[in-house]
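So this first bit is one chain, no partners, the form predicted alone, shown in C-alpha cells.
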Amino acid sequence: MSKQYDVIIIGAGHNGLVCATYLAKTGRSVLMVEANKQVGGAAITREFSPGYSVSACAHLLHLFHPQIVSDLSLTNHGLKLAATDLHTIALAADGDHLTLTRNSVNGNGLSASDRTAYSEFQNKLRRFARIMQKTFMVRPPRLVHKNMTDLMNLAKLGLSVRMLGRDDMRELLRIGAINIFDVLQEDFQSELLKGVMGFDAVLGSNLGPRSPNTILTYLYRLTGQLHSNGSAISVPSGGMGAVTSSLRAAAEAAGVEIRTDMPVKQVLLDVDTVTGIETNSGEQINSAIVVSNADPKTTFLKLVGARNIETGFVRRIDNIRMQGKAAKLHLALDGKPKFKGVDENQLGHRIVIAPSLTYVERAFDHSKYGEYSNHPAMEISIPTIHDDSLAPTGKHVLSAIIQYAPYDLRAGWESQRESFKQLIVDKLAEYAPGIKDQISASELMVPPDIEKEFNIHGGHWHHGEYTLDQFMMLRPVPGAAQYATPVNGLYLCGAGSHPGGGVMGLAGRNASIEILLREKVA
C-alpha cells in the first residue's frame, strides 16, 4: 500500500477539478487520478489534424458559474475569454435568417407580435429559471427527512414558487412538465423562431420537441443567462481545454496532486466502507474518502461492482437513462466559410440549423428506431473567428454538435460513419455553398467514440437525461442524490449528480461542501 491521502478523486473532468480544489484549500491532502493523459474530461482542446485544434466535445461556455471563477481565482490561473455574449443565428434556407439575443429577436419578415412575444416569453421563463438556479448551489433536499438543512431548503424552494405570484405560479404549474413544442405553438408564429427555440430545449439530449420535460431542459439552459448577467455564451481563449487548464493550475496551487494516464480498476472496500482505490497497474492507494467524477453507471457497476451494493440500488442505477444521441463534427477549413445571409461580423456567433419544430421532431424520429437523422439539426461554432491560435494563419476550424445520432445505431457505426459525415456536410453545404471545397480534414465523433475517449457510459454528455425523474433529489437516483452514496466514504461529484450536466462546476463545488459537512478529516 502506498501513501495515505485524505481524499482521492477519480476523474479530472471540470467537476472533479473544482471539487479537489475546494477540498485542498481547507488543508486536506487530495490525490486526483485521471485515466487519460490530459485533464479536462469532455472539456478539452486537442489537435484533430496537424495544425488544427478544437474543443473536442463541449465547445461553447454558457453555464460555468462565476462564483467558482471567483473562489478559485481562475483568471489569475490563465482563464481568458476570446468572445462573450454570442448571439444565436438561426439559419433559413433562403438566407433570411433570424438573430436571437437575450431579450430580442430580429429578422426580415418576422412579425411584430413574434418580436414582442419573444421578449415576454424569455422574461417569463427566466423568472421560472431563477427558482431553479437558487437550488443549484445547495444540496437537493430529501422530501421525507427531518434534517433541518433539508427542511430549510424545501421551505426556500416553496417560498420562491409562492413569490412568483398567482398568475406566474399557475403558469409554471401548467407548463412545467409538458413539452416545448406545444408551448411554442401557443405563443409564436414564425416556424424558424420556434425551430431554434425548440432545438435549445433538446440539445445534447435524447428528447424531441414533443417529448415531456423539454420545458425543464429549456429552463436549465436559461440559468446560464442568470448567473452570467446575460452574457451566457462565450468562447474561451484556447478552447474549452483552457478552462480546465486554469482549473488544473488552481488545483495544483492549492496542493492537489494530479496523476494522469492512471485508470482506476476498482474502489477498494472493507465490507461497505471505502478504503482506497486500485489502479489498472495494480497500485493500491489508501484513503477513507473517495470521490467519483465518473458517471453513476461507471462508478457503481464497474468501479464499486454490483455485487458490493444492495440489489434494489443496483436496479435503480442500471435504469438510469443515459444513451447519447448527439454527435460532434470537426472540420479543418482552408478559409472562412460563407453562409448565405450571414454577414462576416456574424460568423463568429453561434449558428443553428433547425428550420422548424417539425424539422427537429422528424430528426428525432429517426433516432427512436436506431437510425441517424437524414436531415439533422445542428449547432455550429467557428472559434477561429475569435481565436486564431487554433488553426494556421488564414485557416479556420468549424465545430458542430449534431442531433441526432443514436449510440446503438441499428446498422452499426463502423459501416455508417462516413455516410453520416457526408450527409452532415451536404446539409452544411445547403446553407454554406462552397464549404466542401474548403475542407482539408474532418473528424466525426459519434456517441460510442465519446464513450471511449471520455470514459462516459453510453456517450451521454450529461451523464444522464435531464428529466423530472432524474432531477434534483432524484439525480442520479434516490439514495445517492446528495453526493453521498450507500457506500460509506464514497461520494459523487460529476454531471450525473445535482444540478446536472454542462460545464457548470456546481456539482463539484456542492459535493466538496457536503463532504466537509459529513466527514471529519484530521
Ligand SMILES: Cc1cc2nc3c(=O)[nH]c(=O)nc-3n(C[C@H](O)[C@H](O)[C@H](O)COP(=O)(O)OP(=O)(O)OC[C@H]3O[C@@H](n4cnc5c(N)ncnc54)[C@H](O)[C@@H]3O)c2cc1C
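All of these numbers come straight from a predicted model, not from anything done at the bench. Numbers for residues come from their place in the sequence shown, where the first is 1.
Omitted from view is the form predicted together with the ligand, to which the following refers.
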Taking 4.5 Å between heavy atoms as the contact cutoff, choose which of Val235, Val196, Leu207, Ile450 touches the ligand in the predicted bound form. Ile450
Answer yes if any heavy atom of Thr21 is within 4.5 Å of a heavy atom of the ligand in the predicted bound form; otherwise answer no. no
Contact of Ala363 with the ligand in the predicted bound form (heavy atom, 4.5 Å): no
Does the ligand get within 4.5 angstroms of any non-hydrogen atom of Pro499 in the predicted bound form? no
Find out whether any non-hydrogen atom of Leu492 is located within 4.5 angstroms of the ligand in the predicted bound form, and reply yes or no. no
If contact means any heavy atom within 4.5 Å, which of 353-361, 295-303, 413-421, 161-169 contacts the ligand in the predicted bound form? 295-303
Does any residue in 3-42 get within 4.5 Å of the ligand in the predicted bound form, counting heavy atoms only, and if so which ones? Ile10, Gly11, Ala12, Gly13, His14, Asn15, Gly16, Val33, Glu34, Ala35, Asn36, Gly40, Gly41, Ala42
